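Heads up, the chain below is alone and in the form predicted alone; it's given as structure tokens.
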Amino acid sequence: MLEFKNLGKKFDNFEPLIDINGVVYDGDCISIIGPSGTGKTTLLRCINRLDDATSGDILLNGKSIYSADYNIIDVRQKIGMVFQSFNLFNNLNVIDNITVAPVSLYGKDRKVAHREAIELLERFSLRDKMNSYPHELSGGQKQRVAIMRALAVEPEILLFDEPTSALDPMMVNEVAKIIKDLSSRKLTMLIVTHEMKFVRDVSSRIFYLDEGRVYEEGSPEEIFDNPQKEKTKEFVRRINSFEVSINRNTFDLYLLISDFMKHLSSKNTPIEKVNAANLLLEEITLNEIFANEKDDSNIDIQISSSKDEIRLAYSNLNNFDFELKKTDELTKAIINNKINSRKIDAAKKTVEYII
């Protein structure tokens, strides 16, 4: 359905896209991921012709989107876009936001457009908001209206630019459900996102962008569980890691545990391993930080997780010890029962627990 051929985009002193090649098939749900600045949003903007490529080509159903066969309005009818900041028309109510493009740009009969908009509102559970204005809606409701507005022109492909970035965690799941529903209806979609659990849940394939190219592509399992290239491996390692440096003078156990749990909530880690890691993190921080009241050095903690295990490593360079100093025997027994093994690296002054 969509093909990129040696696609490049250069700004004055920045070239995010150098040589993008890839194929999008009918019904694909492709997530585009990668470090910040690697051109993910720029690629979407080129596909939708909000930006024009400086080299290469994009083929839609075998024809260049830059050819005479497609003007910009045609391209944007066939390739809809849902923006990160929603971009709703603040002076229009919800139903007018949905119907304005089909009626004004594509000449659809107003009554037909209105009836179809009502159907969308019912499908997205927002019929009661049809006369509301954007400022009266929550972030999740605005996102649903933005999706309905894009669907109203009956696109062949739908682009999402960070669809969950402006939403609270509860609404991320709602957007995932919507996109899964659209995928089940065989709508072709490309999604730029930093939400990796979301990527696993909705994607049929993933494009990992780096070095101005589609550096690696594959299924979620291939990219997250068995990446082949070095930069992809490093990216996956980073997103699976939780790193923090804590000091006894500013230490907040509840904030630390909260941040840790937020990190693991985006993974498919078994709950019994999460609970074991939570207990271990609490014991290590309390015993190491308060073992020496005169010690103001930081403790560096790194936690990495996969579907099979959690690794928790810590070091306290000024006050390193191989044992938990003040932990009672019962707690030691509990911890030992929760871990598979413990590794000590005396040279690096680190202890690593494997759960």
Partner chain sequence: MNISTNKKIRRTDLLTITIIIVIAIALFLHLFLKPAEKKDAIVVKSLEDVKTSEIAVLTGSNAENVARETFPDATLMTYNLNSDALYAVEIGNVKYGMALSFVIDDYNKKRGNVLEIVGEPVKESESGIFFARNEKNKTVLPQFNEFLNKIKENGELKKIDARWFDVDGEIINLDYDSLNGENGTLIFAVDAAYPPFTYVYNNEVVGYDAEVVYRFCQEYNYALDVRPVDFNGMLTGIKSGKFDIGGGGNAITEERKKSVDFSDPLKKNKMCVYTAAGKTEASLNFMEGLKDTFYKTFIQEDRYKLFLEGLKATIFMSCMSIILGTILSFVICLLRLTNSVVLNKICDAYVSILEGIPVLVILLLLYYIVFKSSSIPGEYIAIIAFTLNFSAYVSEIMITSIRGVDKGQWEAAYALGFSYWVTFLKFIFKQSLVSIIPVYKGEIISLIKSTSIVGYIAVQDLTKMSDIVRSRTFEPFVPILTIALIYYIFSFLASNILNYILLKVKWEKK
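Positions refer to the first chain, counted from 1. Predicted, not measured: the structure shown is a model, and the values here were computed from it.
If you look for the form predicted together with the partner chain, you will not find it shown, but the lines that follow are about it.
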Is every one of R45, L50 and E136 in contact with the partner chain in the model of the complex, taking contact as a heavy atom within 4.5 Å? yes
Within 4.5 Å of the partner chain in the model of the complex, counting heavy atoms only, one of 69-77, 178-186, 193-201, 117-125 shows up; tell me which. 69-77
Should F89 be classed as touching the partner chain in the model of the complex when contacts are defined as heavy atoms within 4.5 Å? yes
Is L255 close to the partner chain in the model of the complex, meaning a heavy atom pair under 4.5 Å apart or at it? no
How about V244 - does it come within 4.5 Å of the partner chain in the model of the complex, if we only consider non-hydrogen atoms? no
Non-hydrogen atom contact Y106 with the partner chain in the model of the complex at 4.5 angstroms: yes
Which one, M261, L279, V112, V100, lies within 4.5 Å of the partner chain in the model of the complex by heavy atoms? V100
Can you work out which of M81, V214, I284, L167 has a heavy atom no more than 4.5 Å from the partner chain in the model of the complex? M81
